[in-house]
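The data below hold one chain only, encoded as structure tokens and taken in the form predicted on its own.
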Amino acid sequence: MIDKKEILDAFYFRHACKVFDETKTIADDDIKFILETARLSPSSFGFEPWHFVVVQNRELRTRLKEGAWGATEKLDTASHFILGLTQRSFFTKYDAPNIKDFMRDVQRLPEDVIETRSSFYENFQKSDFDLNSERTLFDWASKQCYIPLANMMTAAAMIGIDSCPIEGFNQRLTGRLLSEEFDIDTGKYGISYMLAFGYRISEQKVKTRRPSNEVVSWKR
């Protein structure tokens, strides 16, 4: 097992890197490792409502600046730049054809289990979480997509690679760019976040957080 101190050291190392060293490029094996931690991340019902677009094309990065006011320097300097996309109801609604196909083809469940889980999934959406609109379904799926975001950043920090998560963009404008320039069907996918990777060019500030007794409570 990995030493606990090494893991915590990675969390102290990780920070939202604003500008990266343009002269340094992440090795292919390292970025594939980071993306693999995203692919292996958990999701509700195991349905994996995500897709990741790695944007290395400089012209496309420039176009993204039109709507991404919080990503300008990262788009210019990051070794690798990722768009975190979330599936819309076309894929995630309880009666979407994709759901049973996923259980059959990816999860390899028997038909009787598929029928039972389908009924449970429908009740979960309708009653337990009140996921009865396009917006609530997208927000629910988007929350899951932040799990691989965190895993990618932690994995990167553990091998000495910096990162920065980005929500500083206009969803509507960026969505139009995804449709027109990236060939993304925005009726099926929406963007939840952007994520930059590279190597820091400046020292990070001292990490500050609230003390543990303010963020954790116990009921014994």
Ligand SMILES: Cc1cc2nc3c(=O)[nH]c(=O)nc-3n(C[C@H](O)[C@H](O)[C@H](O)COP(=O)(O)O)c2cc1C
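In this text the structure is predicted, and so the values were computed from the model without any measurement. Start at 1 and count along the sequence shown; that's the residue number.
The protein also exists as the form predicted in complex with the ligand; that form is not presented, and the subsequent description refers to it.
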{"item": "Stretch in contact in the predicted complex with the ligand, which is absent here, among 53-61, 159-167, 174-182, 28-36 (heavy atoms within 4.5 Å)", "value": "159-167"}
{"item": "Residue contact check: residue 16 to the ligand in the predicted complex, 4.5 Å heavy atom", "value": "yes"}
{"item": "4.5 Å heavy atom contact, residue 207 and the ligand in the predicted complex", "value": "yes"}
{"item": "Interface membership of residue 146, the ligand in the predicted complex, 4.5 Å heavy atom rule", "value": "yes"}
{"item": "The ligand contact in the predicted complex: residue 46, any heavy atom under 4.5 Å", "value": "no"}
{"item": "Partner contacts in the predicted complex for 94-119 (non-hydrogen atom within 4.5 angstroms of the ligand)", "value": "none"}
